[in-house]
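Considered here are two forms of the same protein chain, supplied as structure tokens in two stand-alone entries, structure 1 and structure 2.
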Structure 1
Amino acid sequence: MTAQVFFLAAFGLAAVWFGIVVFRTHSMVRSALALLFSQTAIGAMFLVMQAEFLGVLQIMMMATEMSIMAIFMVMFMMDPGGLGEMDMKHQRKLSLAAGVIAFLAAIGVSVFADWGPAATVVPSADEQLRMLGIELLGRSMLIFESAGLTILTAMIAATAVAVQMPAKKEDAS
């Protein structure tokens, strides 16, 4: 067994474990941190598979996203520390059924889909990065810019809702 396979399996198991921890904790902040660790482990899997750009991008995006999520949870949750009893599992039977169906569908697709032949020629890392840049700056640019603007608008709106406005003083005249 090579070191690459070992680390790929280790990070994969860590991602699954922290994904389970997300639903096992009583704290929204701990849940956000567990999700951050799970997604970071997936980023590490990309790094192990020598997809450096995707790995670093995954880790950077998830660190920012989960940090913002934890901050907003502390601002809006009544008990962000999880000291009170809180159950993170909602609609257990429906979610279990949906999870089992999705798992079986994913297994079915992975086993029975015609994936076509394996790539015989793989472009160099420089060429892959150049093609990714052309894709991002070409037809996908509007989608990424729209998503970024939407997320920024939502963050500003959430902050505006959270900020308490000072009470107006009535004129005594």
Structure 2
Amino acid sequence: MTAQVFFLAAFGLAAVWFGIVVFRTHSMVRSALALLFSQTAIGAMFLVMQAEFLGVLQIMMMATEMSIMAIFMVMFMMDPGGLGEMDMKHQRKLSLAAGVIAFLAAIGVSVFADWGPAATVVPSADEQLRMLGIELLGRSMLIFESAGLTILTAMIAATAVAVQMPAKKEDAS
């Protein structure tokens, strides 16, 4: 067993375990931060897989994203601290079955598919960055720009949906 396998498995198990914690704790803030640590562990997996840029990016982005998630949990829940042990689940059996089936199916595919020989040589981090940059601003420029445009649209649309229009406010009162 190589060191890479060991670290992959270690960070991976941490990621899955934190993922499970998300749905087991009663405290909403803990939920959000457990998800953050799950994502951070995934970022660490990227680093193990020598995708330095992606790993660091994942670790950076998720910190902010999940913190925002935490504040939304606090806003929208009556009992964010989970002291009341409120139950927030439904269709338990169905979802558990679906989860297990999804897990097994994915494992089945990954084990039985023929993935071909594994690559051993990986470009250096510098080289990767350069390649990625050229890819983004060359062949895949259109896709990248569409992604950028999509996120801008989503930002504007989400804000428009969320903001209460002053005119509407007068109606309500």
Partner chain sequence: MSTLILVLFLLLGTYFVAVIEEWSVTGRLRPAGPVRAALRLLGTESVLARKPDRLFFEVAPVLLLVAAILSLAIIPLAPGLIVTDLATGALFFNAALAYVLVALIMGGWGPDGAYAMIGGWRFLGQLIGYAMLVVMPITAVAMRSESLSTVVIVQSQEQLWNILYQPLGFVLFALAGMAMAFVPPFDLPTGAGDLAGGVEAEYTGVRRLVFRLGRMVLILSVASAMTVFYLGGWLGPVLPGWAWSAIKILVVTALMLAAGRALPRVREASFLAWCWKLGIPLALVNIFLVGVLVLVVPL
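Note that the structure is a prediction, hence the values are computed from the model and not measured. Residue 1 is the first residue of structure 1, and the numbers go on in sequence order from there. Superpose the two forms; the largest set of C-alphas matching within 1.5 Å is the rigid core.
- Annotation: structure 2 represents the form predicted in complex with the partner chain, while structure 1 represents the other form.
- Once both forms are overlaid on the rigid core, the distance between the two CA positions of M141 between the two structures is 2 angstroms or more.
- Once you line up the core between the two structures, the Cα of S110 stays within less than 2 Å of where it was.
- After superposition on the rigid core, displacement of the C-alpha of E127 between the two structures amounts to 2 Å or more.
- With both forms fitted on their core, the C-alpha atom of I151 sits 6.1 Å from where it sits in the other form; this compares the forms between the two structures.
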